[in-house]
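Encoded as structure tokens, the following chain is the form predicted alone, with no partner shown.
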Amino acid sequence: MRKTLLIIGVFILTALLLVGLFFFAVNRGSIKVGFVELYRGLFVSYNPNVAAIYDLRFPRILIAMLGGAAMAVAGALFQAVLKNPVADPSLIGISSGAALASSLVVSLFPALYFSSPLFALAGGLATFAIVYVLSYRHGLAPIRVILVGIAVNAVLVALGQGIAVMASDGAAALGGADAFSGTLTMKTWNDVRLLACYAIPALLAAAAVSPRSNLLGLTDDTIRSLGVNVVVLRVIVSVVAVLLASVASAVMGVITFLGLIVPHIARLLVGGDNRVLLPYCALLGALLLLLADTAGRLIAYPYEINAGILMAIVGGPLFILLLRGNDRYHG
């Protein structure tokens, strides 16, 4: 009972922090309005300052929250599928594969913009299959998955940057570069609708598979003894994880280490039961990415530091500590 109350308290505190950060982020920048003025401008009468905030800040804030939730849940699911506590969709190349496929389609066929997450999903699934096949040797050793993933990720990033450099169209080159930059600037309500259209159903699917995903922590023989098809279960959870990471990467670009940091913090706070862990990862992921984006806007104002850069600065040292802190990561 006490543990349940503590978990509820953690959820409530994180939700309150997220709401507070939302209103703080809305009012940070060259245009500032009070809460009453913001409310009246949104729901009562037109206000040019509120209209500018609505068109420029609201989309990037909502994308940071929804994309952060998607990447965090994807990270937790990848760690369950691969039985690898340092698995991360950006680290093992899933995000780069998705971003590369999405940027290529949008650059070559702009009319397919709203279908770009589907192509990102194809790119993410192909990358995941490559990493899985190349890493498998009498099982999946955690360090082998990471090393193969890093190598595949490096190739995909190089391809994406090379295509961006060679693109004759300036917009195509800029789009290719943005796909790997992890920036939330210049996002519009079209981007919000695109992300929400795919990410929300994928988050609901993650919640639906969360009870069964707990079984992935057991040995395959034990899972079979419970009457569950291990291969089907692993494929379903993998597809949901790849969809979440791919959709977020298609809209935001590659955000490194978010899918690694959030699940580890979440396990310390709410435990390892995926029925509780995944919803909390969504909440905490939204909070951390919005915090990174807001900090990036304020640290060097009027210039901006990409949220992806800040996440890499924080996530890199943590990744090293995780590798050094537990011998079983070395396979």
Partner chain sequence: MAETAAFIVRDLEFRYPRATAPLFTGLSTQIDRGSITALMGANGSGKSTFFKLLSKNLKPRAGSIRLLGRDLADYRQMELARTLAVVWQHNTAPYDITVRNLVAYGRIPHRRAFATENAADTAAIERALEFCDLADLAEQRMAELSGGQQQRVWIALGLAQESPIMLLDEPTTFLDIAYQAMILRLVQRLRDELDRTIVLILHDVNQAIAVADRIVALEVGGRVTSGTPAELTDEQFLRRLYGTDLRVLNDGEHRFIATL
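Residue numbers count along the first chain shown, from 1. Since the structure is predicted, the reported quantities are computational estimates derived from the model, not experimental observations.
What comes next is about the form predicted in complex with the partner chain, which is not displayed.
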{"item": "Position in contact with the partner chain when the complex is considered in the model of the complex, options 222, 188, 115, 161, heavy atoms within 4.5 Å", "value": "222"}
{"item": "Residue contact check: residue 267 to the partner chain in the model of the complex, 4.5 Å heavy atom", "value": "yes"}
{"item": "Contact flag, residue 110 vs the partner chain in the model of the complex, heavy atom cut 4.5 Å", "value": "no"}
{"item": "Contact flag, residue 272 vs the partner chain in the model of the complex, heavy atom cut 4.5 Å", "value": "yes"}
{"item": "Contact of residue 212 with the partner chain in the model of the complex (heavy atom, 4.5 Å)", "value": "yes"}
{"item": "Region of this chain that lies against the partner chain in the model of the complex, out of 99-107, 204-212, 238-246, 72-80 [heavy atom, 4.5 Å]", "value": "204-212"}
{"item": "Residues in 217-249 close to the partner chain in the model of the complex, defined by a heavy atom within 4.5 Å, in order", "value": "217, 218, 219, 221, 222, 224, 225, 226, 227, 228, 229"}
